[in-house]
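Only one chain is included here, represented as structure tokens and corresponding to the form predicted alone.
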Amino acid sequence: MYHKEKSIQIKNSASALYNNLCVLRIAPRRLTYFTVVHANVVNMVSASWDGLNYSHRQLQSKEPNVATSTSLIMQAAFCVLTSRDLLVVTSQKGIQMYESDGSIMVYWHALETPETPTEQAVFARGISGVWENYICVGVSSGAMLVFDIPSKGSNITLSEVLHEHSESITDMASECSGSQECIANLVTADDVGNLCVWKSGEEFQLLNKIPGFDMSCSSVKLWKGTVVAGYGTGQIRLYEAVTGILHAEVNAHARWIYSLDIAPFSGLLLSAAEDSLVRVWHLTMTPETNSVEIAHLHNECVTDTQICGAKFCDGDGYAFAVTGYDLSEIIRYVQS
């Protein structure tokens, strides 16, 4: 179903972080941006669709009043809003927002660090653009920060701080199908597997809490009102977002899942884990019974690689890309 294409070289290897690959397709310019985190650097590659031109950029983690920061970066993600796209980088010190090509930093938000050292580390992780003008970012305390993003410029404001999780947020995702009918349009996950389902707006509204099983939910997606969650057990669970009804549970991987992605137009689901496997699944909705089914379609083994990022390169799932710990390349697969 898929075959391997030429890999894209990156300047540094990928760190062993959840969801350590992000992809943004720029159709008018026939370009795709890829970002991979290594320690305190974001490696960024701009690749032309014909595969002939690649340009590289590196973004350092920043701190106010410090020339070079050693603060570890936890995640980098593109947020696609109605009027603009931003690249958001989270670290142990704060949150940086850049124009999508990484050229200009438009906003910096410092995390509150305790005066005296505590047992719990401080960091931000879990990034999602929501609706027309919000970007949400998770924090190690379990709080979710909601930023109001203007259509241009740097007048970004922190509009809300929401405290529903008691553990570190691991990942979050907005409704990716583009459907206006879905009541829920954001899901957040934490280190013990609890999921919170939200409706965005001037004030975000908690719609549902889906309890975890004391096992970290490392990656989460929201598609057509269905939450797709990947866990440290290697399991994938499909829940109805608003009611919390469990539709399906799959023993998808032998080890910790590091990344999930959905191609919203085709319903293809990508899962990647520490077991060196990337699997492609197909999700089908049955509106009459309001149920979701999952079927396995394909797998690729990336030998001797602890996979830490996997993303579709387009909305149909025609191609996907994979990163692995200590690997200085992005491996690409295309449908045969």
Partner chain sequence: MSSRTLPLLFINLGGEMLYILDQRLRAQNIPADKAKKVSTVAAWIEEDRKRVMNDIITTMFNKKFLEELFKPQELYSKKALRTVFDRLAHASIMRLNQASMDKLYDLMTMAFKYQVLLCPRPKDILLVSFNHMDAIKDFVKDTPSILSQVDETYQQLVEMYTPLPSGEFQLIRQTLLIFFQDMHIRVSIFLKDKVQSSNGRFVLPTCGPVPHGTQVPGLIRIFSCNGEELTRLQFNNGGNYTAALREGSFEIFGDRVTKLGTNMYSVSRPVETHMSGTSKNSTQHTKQVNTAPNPLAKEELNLLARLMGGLEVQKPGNADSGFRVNLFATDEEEEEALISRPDELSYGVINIQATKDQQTNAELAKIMGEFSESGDQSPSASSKGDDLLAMMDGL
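Just so you know, these numbers come straight off a predicted model, no measurement behind them. Positions refer to the first chain, counted from 1.
A second form of this protein, the form predicted in complex with the partner chain, is not displayed here; the remarks below concern that form.
- Partner contacts here mean any heavy atom within 4.5 Å of the partner chain in the predicted bound form, and among 215 to 223, 145 to 153, 178 to 186, 197 to 205 they occur only in 215 to 223.
- Shown without its partner, this chain lists Leu81, Leu158, Val242, Ala248 as candidates; in the predicted bound form, only Ala248 has a non-hydrogen atom within 4.5 angstroms of the partner chain.
- When contacts are defined as a non-hydrogen atom within 4.5 Å, none of Ala76, Ser166 and Phe320 contacts the partner chain in the predicted bound form.
- The partner chain in the predicted bound form is not approached by Leu31, whose heavy atoms all lie more than 4.5 angstroms from it.
- Taking the partner from the other structure, the partner chain in the predicted bound form has a heavy atom within 4.5 Å of a heavy atom of Leu72.
- Shown alone here, Ile26 lies farther than 4.5 Å from the partner chain in the predicted bound form, counting heavy atoms only.
- The closest heavy atom approach of Gln92 to the partner chain in the predicted bound form falls within 4.5 Å.
- Contacts with the partner chain in the predicted bound form, taken as any heavy atom within 4.5 Å, map within 299 to 318 to Asn299, Cys301, Asp304, Thr305, Gln306.
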